[in-house]
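Only one chain is given next, in structure tokens, and it is the form predicted on its own.
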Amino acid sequence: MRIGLYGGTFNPIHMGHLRAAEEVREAMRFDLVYFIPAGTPPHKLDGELAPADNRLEMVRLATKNNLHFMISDFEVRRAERSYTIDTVRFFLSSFRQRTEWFLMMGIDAFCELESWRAADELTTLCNFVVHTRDYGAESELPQNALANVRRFGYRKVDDHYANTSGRELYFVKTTYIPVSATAIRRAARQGKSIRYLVPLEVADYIARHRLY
């Protein structure tokens, strides 16, 4: 099997997340994509973070009609802060059948990879897929992304990169949908409609629970 792991705060999950996941799934021929809402993320501790159980439920509502999309509550159920290295270790130890694992992230997250806990180990445990609207050639990658390609020992191989551990790195160009979770939260606070920025059931859930 080929499985993508897609983590994030999903505060809230929106159409940009969903479309990127679908395009990456199709481009990489994934059998499944696991959405993994963060419990207590180390980099986002602001007061606008909705409770983890609410964010998990919004992800469930947003993905329930896609047979390729699955949800994991691993990080939500942890008492400690959520670190990607722990999540990847969990998945690698939990599946018995042979699986190719791909950690999915946006270009901004990849640019910050060096600051992640056990980042060197992480790049040897699983493959990476970075989705970006701007990438068309290596020369178009941001300088800090190129620095991380070199920092973690990746070398160009055909249409992707590989490091000495044999793990691969892919950049997948996806459709840019100009929507952000920050803007959605702001609109919700102001009493404005957020329909069509998030799935309808998610918009109704946010309103019903007065999350933002």
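Just so it is clear, the model here is predicted, and its values are computed rather than measured. Residue positions are given as counts along the sequence shown, with the first one as 1.
There is another form of this protein, the form predicted in complex with adenosine-5'-triphosphate (ATP), and it is not shown here; the text below is about that form.
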Contact label in the predicted bound form: A20 to adenosine-5'-triphosphate (ATP), heavy atom within 4.5 Å: yes
Heavy atom of T182 within 4.5 Å of adenosine-5'-triphosphate (ATP) in the predicted bound form: yes
Proximity of R25 to adenosine-5'-triphosphate (ATP) in the predicted bound form, heavy atoms at 4.5 Å: no
Close approach of L103 to adenosine-5'-triphosphate (ATP) in the predicted bound form, 4.5 Å, heavy atom: no
In the predicted bound form, the residue from D134, E114, D108, E121 that sits within 4.5 Å of adenosine-5'-triphosphate (ATP) by heavy atoms: D108
In the predicted bound form, segment of 26-34, 171-179, 60-68, 143-151 with a heavy atom within 4.5 Å of adenosine-5'-triphosphate (ATP): 171-179
